[in-house]
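In C-alpha cells, the next block holds one chain alone, the form predicted on its own.
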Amino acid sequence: MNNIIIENGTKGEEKLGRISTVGKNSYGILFMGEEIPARLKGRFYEEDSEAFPVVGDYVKFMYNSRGDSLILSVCERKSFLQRPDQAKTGVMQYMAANVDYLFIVTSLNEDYNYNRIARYASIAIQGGAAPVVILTKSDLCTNVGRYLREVGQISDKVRVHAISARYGIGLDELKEYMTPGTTICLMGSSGVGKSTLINSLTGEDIMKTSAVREDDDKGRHTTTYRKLIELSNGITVIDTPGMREVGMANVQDGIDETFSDIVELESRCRFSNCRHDTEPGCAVKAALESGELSAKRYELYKSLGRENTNNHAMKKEISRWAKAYKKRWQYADPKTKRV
C-alpha cells in the first residue's frame, strides 16, 4: 500500500484516498494533502460491519469537489487492529488498518501495567502489525532496567524502548521506525505522552498536548477520536483516544504468538489433552517448577485465553441474532412491517 499514487481528481471521477477520520455517519478522506468529506455508498449497509472503512483504510471513491464524495469500496488491508467494545459485550471495535508498527505507549509511573501491555501486543500481532512498547517518562523512574527486562519477556516479537521526550533520552532508538511510507499507530492511556512523543520525533508541534494532573498522576484526554495525520517527512501517524482497559476477543492467534514459548511447552506434554494440573509428564508443570516459566506469565496466558474464548462466543451469538433480525425485516411489508 505504501507505493500507491493518488492523482489529482475532478468531480465525478473515481479516485483513491485514505480514511483519516470516522464519524457517526460521515468520513474524512485524505486526498492530495487535504481532508475531504465523504459518505458511504448504500451497499455498505447490506454487508458485515467489518467491511466498513476504518481509519487507515485505502478506499476508492467518487470525487466531489462541492460536497460529500462517495466511498465505493475498501481496498485490501495488510493489517487490521480490533478489540471488543467494552460498552457492548461481544461487539468488536475496529480501530485502524494498514498499520506497520503499533506503538504501545505507557509511562513509567502509576500507568504502567504489565497485563495491559501484553493485551496490546496480542492485538497487534493478531492484526498483522509489529508491537513496539514505548516506556515514556524514564527520567522519573529509578529502575528503568527492571521494566525493560519485564516487558521484553512478554514475547520475542515485542520490541521495547525507554525514553524521556522531555530530555531527549532514547529518541534516537526510534529513528529506525521513522521511514517514509511507514504508518505508525499510537495506543495507550491518557497522559502517557503519545502526542508529546510524536512532536519530539518530528520536531514539529503538530499534536495537541495536555498536562498531567498532579493529584493522581493521570492525564487529561487530548485525542477524543482516531485521526490519521500525514507528516511532511512521508510518515503517517494514527493517534487514538486514551484506553485504560483493553478487552480480548477473536485474537487467539495473537495470544498464541505472543506466548509462543508456552504453546511450545504444551506441545511437549505427554497427553494431548493435558490440563497442566495433575497429569504425569506435563511439560508446563515442569517448566513452572524449574523456574523456566514464571507463574505470573502463565496465569496471564490462561486469563487472556479464557477472556478471548468467552468474548468470541458472545460475539458470534450477537452476530447470529443480528443476521436473523436483518433477514426478517428484509422480507417485511414496508407498510405493515410484517413478514
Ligand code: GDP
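Remember, it's a predicted structure, so these values are computed and weren't measured experimentally. For every residue, the number given is its place in the sequence shown, counted from 1.
Keep in mind that the form predicted in complex with guanosine-5'-diphosphate (GDP) is not shown, yet the notes after this line are about it.
A.B. asks: Based on heavy atom distances of at most 4.5 Å to guanosine-5'-diphosphate (GDP) in the model of the complex, which listed stretch, 185 to 193, 112 to 120, 144 to 152, 262 to 270, is the contact stretch?
C.D. replies: In the other structure, the partner sits against 185 to 193.
A.B. asks: Is S164 close enough to touch guanosine-5'-diphosphate (GDP) in the model of the complex, meaning at least one heavy atom pair within 4.5 Å?
C.D. replies: Residue-level check for S164: yes, a contact with guanosine-5'-diphosphate (GDP).
A.B. asks: Is L72 one of the residues lying within 4.5 Å of guanosine-5'-diphosphate (GDP) in the model of the complex, judged by heavy atom distances?
C.D. replies: Flag for L72 set to no.
A.B. asks: Closest heavy atom of K137 to guanosine-5'-diphosphate (GDP) in the model of the complex, within 4.5 Å or not?
C.D. replies: Yes, K137 lies within 4.5 Å of guanosine-5'-diphosphate (GDP) in the model of the complex.
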